[in-house]
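Given next, in C-alpha cells, is a single chain: the form predicted alone.
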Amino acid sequence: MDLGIKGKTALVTASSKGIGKAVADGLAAEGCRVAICARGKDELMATAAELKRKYNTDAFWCVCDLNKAKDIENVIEGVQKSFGPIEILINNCGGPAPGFFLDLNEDDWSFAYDQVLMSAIRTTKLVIPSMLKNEWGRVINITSVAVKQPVENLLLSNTFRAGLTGFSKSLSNEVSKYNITINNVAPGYTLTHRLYELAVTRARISGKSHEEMLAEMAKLIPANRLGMPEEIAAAVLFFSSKQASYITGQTLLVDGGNYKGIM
C-alpha cells in the first residue's frame, strides 16, 4: 500500500533505539525525510548510518534531552533549517521510573511530568503553526496500554500518559478542520530495553530472574508472546498515512489482546 507520505518531513523523538527507531525506519522506507533525536550521540549516529545504508537517505539527527525545553527548540529549529516544516510528528519518550506511590518523591513526579507530558506538549506546540499554515499534518503520540488499563508499579506512566491522551483528544478537536490529525498508539508489552529494565525491577522484588518475569508477562497476553517494535511502528505508519485522514482523537492499542475491556 502506498501511504502517500513520500517526501514528507517527519520527526521521531527518542528514536535511537526501540520503538522510536522502528518508527523512523518505517518512515524512511516510505520515502520520508526523517529526523531523529535522543540523548545518546553514539546511538543516534549509528541509527542514522543504518538508515543511510538501508534507504540511501540522510537522516537529520540531533542530541536532545526531552526534559529540557531548549533542547526541543534546538531540534525543531534544526529540522526546519535542514528539511523545512515538520509535517509528521511522532512524540515518543522513554518510560518514567517504576515505583509505587510511597516510593516516589516530588522530584520523581516533576521529572516524569516533563518527560512524558510536557515533552510532547512542547514539541507539538512548535510544529502545529506550520501544519495550520499548510493545512496538513499528523501528530502521533506513543503512549501505553496503561492509558486503558493501569500497570502495577508504573504509577508515573499511568498518570502522565493518561494526561497526554486527554491533551491529544482536546487538541484534535481544535485542529481537525485544518486536515491535521492527532492520534495515539498505545503499546502493550513490547521487547525493548525499557521492558527489560521493568523485568529486572520486578525480578528484584519477586526474587525471580528477569527471564522468568518476561515469560510471565508473555503468558498474560492472549497472543501468548511479547510484541516487537516493528509491530508498533506499523500502527504509527498507518496513522501517518493519507488513508488515515478521517481518523483523529483516537487511541489504538497494540497489545496482543492484553487489555481486558471492551471500550
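The numbering used is simple: start at 1 and walk along the sequence shown. Computed from a predicted model, the values in this text were never measured in an experiment.
Form predicted in complex with a small molecule: not shown, discussed below.
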request  = Have a look at 168, 143, 123, 181 for me and say which one sits with a heavy atom within 4.5 Å of the small molecule in the predicted bound form.
outcome  = 143
query = Which of 195, 28, 213, 48 has a heavy atom within 4.5 Å of the small molecule in the predicted bound form?
reply = 195
message = Please determine whether residue 93 contacts the small molecule in the predicted bound form, using a 4.5 Å cut-off between heavy atoms.
response = yes
task = Would you check, heavy atoms only and a 4.5 Å threshold, whether residue 52 touches the small molecule in the predicted bound form?
result = no
request  = Find out whether any non-hydrogen atom of residue 190 is located within 4.5 angstroms of the small molecule in the predicted bound form, and reply yes or no.
outcome  = yes
query = Does residue 58 reach the small molecule in the predicted bound form, with heavy atoms at most 4.5 Å apart?
reply = no
query = Just one stretch in 201-209, 233-241, 58-66, 28-36 has heavy atoms within 4.5 Å of the small molecule in the predicted bound form, so which one is it?
reply = 58-66
